[in-house]
Every structure is written in structure tokens, then in C-alpha cells.
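Just the one chain here, the form predicted on its own, laid out as C-alpha cells.
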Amino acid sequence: MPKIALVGMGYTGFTRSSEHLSFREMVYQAAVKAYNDAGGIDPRRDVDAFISCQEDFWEGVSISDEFAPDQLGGVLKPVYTVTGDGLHCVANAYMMIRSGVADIVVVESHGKPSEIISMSDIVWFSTDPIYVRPLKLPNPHALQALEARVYMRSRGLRREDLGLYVIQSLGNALLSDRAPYAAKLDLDGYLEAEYVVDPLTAYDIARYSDAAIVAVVASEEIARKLTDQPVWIDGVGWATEISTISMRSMEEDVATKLAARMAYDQANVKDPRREFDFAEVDERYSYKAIQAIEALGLARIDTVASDLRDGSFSRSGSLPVNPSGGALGEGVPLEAHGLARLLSAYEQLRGRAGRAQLSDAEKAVVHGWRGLGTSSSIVLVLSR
């Protein structure tokens, strides 16, 4: 079966608000950049299928995928919709190409949370309707705060450790051109912040941003014709655990662990702590990023706390995590967040990360989580 590669990516946004553009205009701009990056392909002539990752609840309209084809150049072409994180779209594109159904597939995801006036209601609607929603907790982050406490206690993590991760991520984001929440923060400033819900402060919880991201995925034969810098997708894995937080383990991220095992088997990864040059992980919550690092096999249960304190996951550490900042600095563009992590990895592997560029970046692991109310994770292994 053919190897699969990313041959082009484009984006627009990563701003707190984009009221001057509709989501369709944002997607169009991102698509134009992606097609140009992929050697100037013509979507009407060269692309076999299009996949859009979006969710009606976020869009505010039913059958929102009906709005996907026009701005992608996909009219009268196969257009599919996945109600999941953007990385799930990449997984579907990967399967379509490996199965021989297509040679080039375009993936799109976007988010305009700045236009959502009932965000907390939508978030609560994603929670379990029997065991969680009837509790009518005043703050939806309370669910994740509960998990954070359980996880921190089980691993010997302190609030200072969350602070170390936050400081690292926000500092990395200062090197990025798409991080509206980047900041220079010290530990005293972090510890003095008021709780949103114990043990999480506003620094620990990623805010929202508007963005659209488009990726072009191709077979090996096509990829080598389009670019001399393909980014290979060596493995893909996904898993979904029971979504009700009170009925699953809070001490570990089982879904991410299972997804990683699947991706690593495909990519023949034996020792993730030694084989990857950097990692891009979901950090909608500071503790969740640390939990994902462990679940990805990048740290052991008994060393994850000491590795964090020793700076192992910093830009100068043995395994940099989110070297150009993650969701804490960029914000979360809803279902496009997984593609945001993919975009950062793509730029690093192509040597186009600007001030955030790492030296000798050749292999990476990319992780996505769909967010509060879910336990759906996806993992990709990339190389150049």
C-alpha cells in the first residue's frame, strides 16, 4: 500500500475575533494558501475528495456540511463530513488513500467561537444527560478540575508543576505569529492568580480563537511530484473511551494510550521517548497536556513529575512539547484544534517554524483530544 504524505497546508485567523470575515471566507483563504503550498494544485481538476470536520452545534445551523464545498473548490465532487476533531479528518483521508479510493484528499476544519453567545450551554449539552448534566454545576470546568485533582494526586504533581508547564507553553507561544494569548509569566504570577475552579486558574484553561485550516493529503506517487519536502504520515491511531467522566479512570488518559499504541504499531515506533524529536499535544487544560504526555509514552508514570521539573519538555529539553506554543497561547478554534497541532508539526518538519524552529526536527508525534464532554483522542506519527 502507498505511503501517505502531507503536501500542503494553509490557515487563516488565530485571532480572538474575526468579525470582518465569514467562516466561508476564512476557509477560502486557508484553502488558497494550502493549494499554493501543494505546488499550485487545482482543486476542481486534481483533488479526488474533500473532508470537512465540523459540528452542527458549533455552527448554529443544521446540516452545516452543506456549506463546505463552495469555498474548497469541491462543487460536484465527493465531499464528506466527520463530526470530530480535525485530526479525525486526516485519519479518514489517510484511509481513503491507502485503500486506493483516492490519490489526493483535502481536509478542512474551522471554528468561529467568537460568534457563539451560548457557549456554556453548548458545552453542557455535550455532557452525559443522565449522570452529569442534571447536577447543574455552575462551572463546566469543574468536571476537569475534579479529574485534575485525581491525576495530580496520583502522580505527585503540585500546583507549581502546572505552573511550570503553563509558563513554558505561554513562553513558547511568544515565538509564534498566531498566538493571541502568548505571555511572559513567572511562577509567582501564576500562583497569585485566582482559581476558576480549584486547582485550575485562567492560565490553566485555554481560551477560544477563530481560525480555519486546510491540509492537502496525497499518495506517495503524487506527493513526490508535487513537492520535494513531503511530510510523511507514518501511523494513525484513534480511540474513544466512555465519555461520562464519573465512570472512567481519572488517573490516566486511556483513549490516548490506545490511540498511541495503534499509531506506533503502524509506524514501528518502539521507544517513543527516544524516537521523537518533539511532540504536539492538546493542552486545552494544563494538566491534560501532562496527562497526554504520559499516555503517549513520552514519560513514565513515576517520572512524569520529575521530567517536568527538570525541563525535559521545554524547547531545550530532551523532548520538546509544543515548541511554538499550544492551545494556551493560540486559543482553541473548536474542531480545528487538532489541525492546529498538525500545522505546527508540519512547519517544524519543513523547517518553516520561524523563530520557533527546532534544529534537526525529523520525527514527531501529534495528539488531539475533542475536548470537554468527550474522551475521543487521535494520534499521528509524522516524519520528513
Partner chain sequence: MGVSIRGGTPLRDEEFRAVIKEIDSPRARYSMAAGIAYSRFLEGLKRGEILGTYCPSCRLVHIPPKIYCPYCFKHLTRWVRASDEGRVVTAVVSYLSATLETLEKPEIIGIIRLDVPGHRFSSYRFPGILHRICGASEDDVKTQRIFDARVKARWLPEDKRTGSINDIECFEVIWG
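Residue numbers count along the first chain shown, from 1. Owing to the predicted nature of the structure, the values given are computational and were not obtained by experimental measurement.
Beyond what is shown, the protein has a form predicted together with its partner chain; the following relates to that form.
Peer 1: Under a 4.5 angstroms heavy atom criterion, identify the one residue in 252, 121, 265, 198 near its partner chain in the model of the complex.
Peer 2: Contact check passes for 121.
Peer 1: Only one of 347, 59, 37, 48 comes within 4.5 Å of its partner chain in the model of the complex by heavy atoms, so just point that one out.
Peer 2: By the 4.5 Å heavy-atom cutoff, the listed residue in contact is 59.
Peer 1: Contact between residue 138 and its partner chain in the model of the complex at 4.5 Å, heavy atoms?
Peer 2: Residue 138: no contact with its partner chain in the model of the complex.
Peer 1: So, residue 116 and its partner chain: in the model of the complex, are they within 4.5 Å at any heavy atom pair?
Peer 2: Yes - in the model of the complex, heavy atoms of residue 116 and its partner chain come within 4.5 Å of each other.
Peer 1: Would residue 288 sit within 4.5 Å of its partner chain in the model of the complex, counting heavy atoms only?
Peer 2: The answer is no: residue 288 has no heavy atom within 4.5 Å of its partner chain.
Peer 1: At the 4.5 Å heavy atom threshold, is residue 44 in contact with its partner chain in the model of the complex?
Peer 2: Heavy-atom contact with its partner chain at 4.5 Å: present for residue 44.
Peer 1: Would you say all of 24, 75 and 112 touch its partner chain in the model of the complex, counting a heavy atom within 4.5 Å as a touch?
Peer 2: Yes: each residue has a heavy atom within 4.5 Å of the partner.
Peer 1: Just one stretch in 315 to 323, 354 to 362, 29 to 37, 339 to 347 has heavy atoms within 4.5 Å of its partner chain in the model of the complex, so which one is it?
Peer 2: Flagged stretch: 29 to 37.
Peer 1: Within 334 to 354, which residues come within 4.5 Å of its partner chain in the model of the complex, counting heavy atoms only?
Peer 2: Result: empty, none.
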